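In the form predicted alone, a lone chain appears below as structure tokens.
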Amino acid sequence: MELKLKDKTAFISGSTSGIGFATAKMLLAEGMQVYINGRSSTGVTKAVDELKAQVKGAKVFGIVADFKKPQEVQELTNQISEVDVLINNVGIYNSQSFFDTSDEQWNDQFQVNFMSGVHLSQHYLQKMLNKNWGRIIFISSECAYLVPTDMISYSATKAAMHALSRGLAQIAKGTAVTVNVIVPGSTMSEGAKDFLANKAKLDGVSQKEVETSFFSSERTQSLLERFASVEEVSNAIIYLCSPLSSATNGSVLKVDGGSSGGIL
């Protein structure tokens, strides 16, 4: 399918691996110019080189920025003045007791997961409105619905993201700018691979057994009953990037394998 994205420009925060990297690869294959982002120059350079090797003629560029530091976000927007597509993907989390989660950890997660999207949208949304075209996409999580008790702070940042996205979509009412949320479920990112490998080694079982146990005991709501691939999530993201998704605005698209339940 022709997604009509050729020669458009995208910025993806937190995109040197996982869902962000897979999305960058797909958008590059559609002929877009893509800026990827990470916290270290080494990681960003490695990811850029990998994308150039995997996508012939890839127009990909790397931007180093730590979203815990607002001044680095400002420097980023100074370097990239305008984009057609903004994908707010960067995220950090803590897995621990609510009672042990410090103010600093709460603040860091809100700064990175939530305020990064606020700051970037403040810069790029008006420019999109001025030219009457653009896409802003927020990458949420099934945790916004499930709220695991060891990830309450992370879940709160993702729930707040939904309200932000809906509000921005209402600002764009009547225009060709759309703002939407993607909700991934348990996804086979690098972090998930490390979790499975470490847990398998610790328990003396196979990684497949760890995955099966995870869905039978912890993610019992999942209808997929396996980790989604990063490509399965990215397929949904690039649809929202495309002009073909023009009637989808202010919406939440779940790619969570059915884990969040409900009919809404």
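One rule holds for the numbers: they count along the sequence shown, beginning at 1. Keep in mind that this is a model prediction, so the values were computed, not measured.
Heads up, the form predicted in complex with a small molecule isn't pictured, but that's what we're talking about next.
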Every residue of Gly18, Ile92 and Ser140 near the small molecule in the predicted complex, heavy atom within 4.5 Å: yes
Which of 166-174, 125-133, 77-85, 179-187 lies within 4.5 Å of the small molecule in the predicted complex, heavy atoms considered? The stretch 179-187
Please check if Lys199 has a heavy atom lying within 4.5 Å of any heavy atom of the small molecule in the predicted complex. no
Check Ala65 for me: does it contact the small molecule in the predicted complex (non-hydrogen atoms, 4.5 angstroms)? yes
Is there a heavy atom of Pro148 lying 4.5 Å or less from a heavy atom of the small molecule in the predicted complex? no
Is Ala156 close to the small molecule in the predicted complex, meaning a heavy atom pair under 4.5 Å apart or at it? no
